[in-house]
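So this first bit is one chain, no partners, the form predicted on its own, shown in structure tokens.
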Amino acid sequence: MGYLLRSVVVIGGGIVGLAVARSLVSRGLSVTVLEKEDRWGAHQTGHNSNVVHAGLYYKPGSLKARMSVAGNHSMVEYAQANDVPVQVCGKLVVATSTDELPALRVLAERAEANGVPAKLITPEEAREYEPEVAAVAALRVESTGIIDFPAVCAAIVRELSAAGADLRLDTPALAIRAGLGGGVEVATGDAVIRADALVNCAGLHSDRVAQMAGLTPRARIVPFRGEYYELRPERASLVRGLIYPVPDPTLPFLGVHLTRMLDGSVHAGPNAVLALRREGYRWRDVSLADLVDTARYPGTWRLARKYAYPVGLDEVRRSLSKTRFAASLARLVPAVTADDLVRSGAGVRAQALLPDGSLVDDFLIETARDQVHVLNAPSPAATSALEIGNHIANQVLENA
């Protein structure tokens, strides 16, 4: 940047953007946060499973592995220090057939490589944790927890307000240009915010914000909706904690799982279907502009060739059929039936996609002059938010 850094504008008021702002403020910088919605954490943060992930799934040495393992500790500590509800309850990753045992052992090895407290256990030991589970073996992961991520956002907002940060809701970024002599200028419709640096944490719109700022990002956002059910209250006793399947290494998502929430309810899901708009939480949420944008991107069609059949078709069928959804859950807990399920909410994952059709596996951060852009931060970004915040703040300062 070539000059004294004093001010930063952060676009996006989800948990990652707020955590970045918190880290920047702690270093004495003047920070403005712009959020287009009327509340903080309105999209990915407010629609996720509220799981504090342990970090066992991710490639050793990757940003996801390092930040989720560290974030598991820092997020729990932050919650405990700020009266945010959190429970470190652990989880089971369950092999339901002998075919899944090799993948379960690989997962155990990855947990060890990442420094995640986990151990392989027998079916009998698994049923001590989850009496209704079906397992030929399981991986017990002790550090997984449940939290209220919107409450974390509220706590960070209180910190930022006390520190004098400029927090603006209902304030979309409409145009971005380089400032005269350096820095950036962000037009919001009724004002122009001038700052020495820009951080883009716009989630589902992060690629568009990057393009607005003059960057050609390596990847584009393709939105995937994840739909949830809940177990009826009288059937919630079927699940004591968190029960996950062994992930298929050839597929991009973890599969549907069962999660006991802080209030005792049990959420089931999510599946993964292409959303028909960037913020498309229902099938009827359709944006022609978003669909055209997705269809014009070469990576979309290359991804479709890999996964449209049978994987993508099966996900759509499961989205439309409670019976199919229940059957997926019954692999883990055979007592679950379609009658036990009630529709719950949905989330939309901002997944970065490369032109060759590959889903970006790690967090993706790109920089330009006076700019840092977070272009891929799906799960476990909420778990890792405080670590991502420190990482981005360091990058901002290193570029100064």
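The first residue of the shown sequence is 1; numbering continues from there. Bear in mind the structure is a predicted one, so any value in this text is a computation, not a measurement.
Below: the form predicted in complex with a small molecule, not depicted.
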*residue 143: heavy atom within 4.5 Å of the small molecule in the predicted bound form?*
no
_Contact flag, residue 21 vs the small molecule in the predicted bound form, heavy atom cut 4.5 Å_ = no
_Is residue 228 near the small molecule? Define near as a heavy atom within 4.5 Å, in the predicted bound form._
yes
*Hey, in the predicted bound form, does residue 267 get a heavy atom within 4.5 angstroms of the small molecule?*
no
*Contacting member of 69, 341, 333, 34, with respect to the small molecule in the predicted bound form [4.5 Å, heavy atom]*: 34
*Could you work out which of 199, 209, 239, 94 is the residue within 4.5 angstroms of the small molecule in the predicted bound form, going by heavy atoms?*
209
*Does the small molecule come within 4.5 Å of a heavy atom in each of 74, 115 and 389 in the predicted bound form?*
no
_The chain here is shown without the small molecule. Which stretch in 22 to 30, 333 to 341, 353 to 361, 370 to 378 comes within 4.5 angstroms of it in the predicted bound form, by heavy atom distance?_
370 to 378
